[in-house]
Ligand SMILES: Cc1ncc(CN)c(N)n1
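The chain that follows stands alone, in the form predicted on its own, written as structure tokens.
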Amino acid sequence: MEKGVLKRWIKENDGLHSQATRHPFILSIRDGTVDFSSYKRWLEQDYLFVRNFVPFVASVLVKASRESENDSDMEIILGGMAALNDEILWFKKEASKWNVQLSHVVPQHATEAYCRLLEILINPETDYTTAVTAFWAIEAVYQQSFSLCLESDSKTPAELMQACRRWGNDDFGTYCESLRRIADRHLAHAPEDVRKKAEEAFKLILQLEVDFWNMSFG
């Protein structure tokens, strides 16, 4: 069976993938020109997204326990699940630093649209292959985006380095690569209709990521 399905999809959707991973918002952080009000808007809305992301990851874990023949899938996904508690605590601490009141944040349209997709993916009728592909895509876009801000020639403001390290570090990159291997393994043996659903989810996530960055950028 075909291997490396995800790399082929990235190549076939290079334009949209580049928009999602090299968005002007991220590049403004990288070159030190970011408007901190945009960062605070991102912080508010991404906190809301992560709160909805937690039950989605839990649903992927349940699907893995039922549909995956490889025990390592559960272990890898569980590792990501455990990290989310620390992530939520980080958002609260970061919000306090920037005087952002998370309890008063109202979700914007881009956030609502992204969370609606998570609700669809949580549905028990969504197969594991599609769900884990979506999981990889969501995590990988952040890793690839924020890693740009850690490159040696970047001018990332010191105030944002901690945020960039959270998603752009090599360990998170290794984790994303583990998720990619899981998704590719299942896609290689998936029937055509499942592959189509997974590919549609992948493309939609790229677009939703672009919309989310656009919203943050203002």
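These numbers were taken from a predicted model, which means no experiment stands behind them. One-based numbering along the sequence shown.
Below, we refer to the form predicted together with the named molecule, which is not included among the displayed structures.
- With the named molecule omitted here, the record of contacts in the predicted complex names 139 to 147 of 120 to 128, 97 to 105, 73 to 81, 139 to 147, defined by a heavy atom within 4.5 Å.
- Contact annotation for Asp46: at least one heavy atom lies within 4.5 Å of the named molecule in the predicted complex.
- With a 4.5 Å cutoff on heavy atoms, Glu209 counts as touching the named molecule in the predicted complex.
- Under a 4.5 angstroms non-hydrogen atom cutoff, the named molecule in the predicted complex has Phe53 among its neighbouring residues.
- Under a 4.5 angstroms non-hydrogen atom cutoff, the named molecule in the predicted complex lacks Tyr39 among its neighbouring residues.
- Residue Trp167 is the only one in 147 to 177 with at least one heavy atom within 4.5 Å of the named molecule in the predicted complex.
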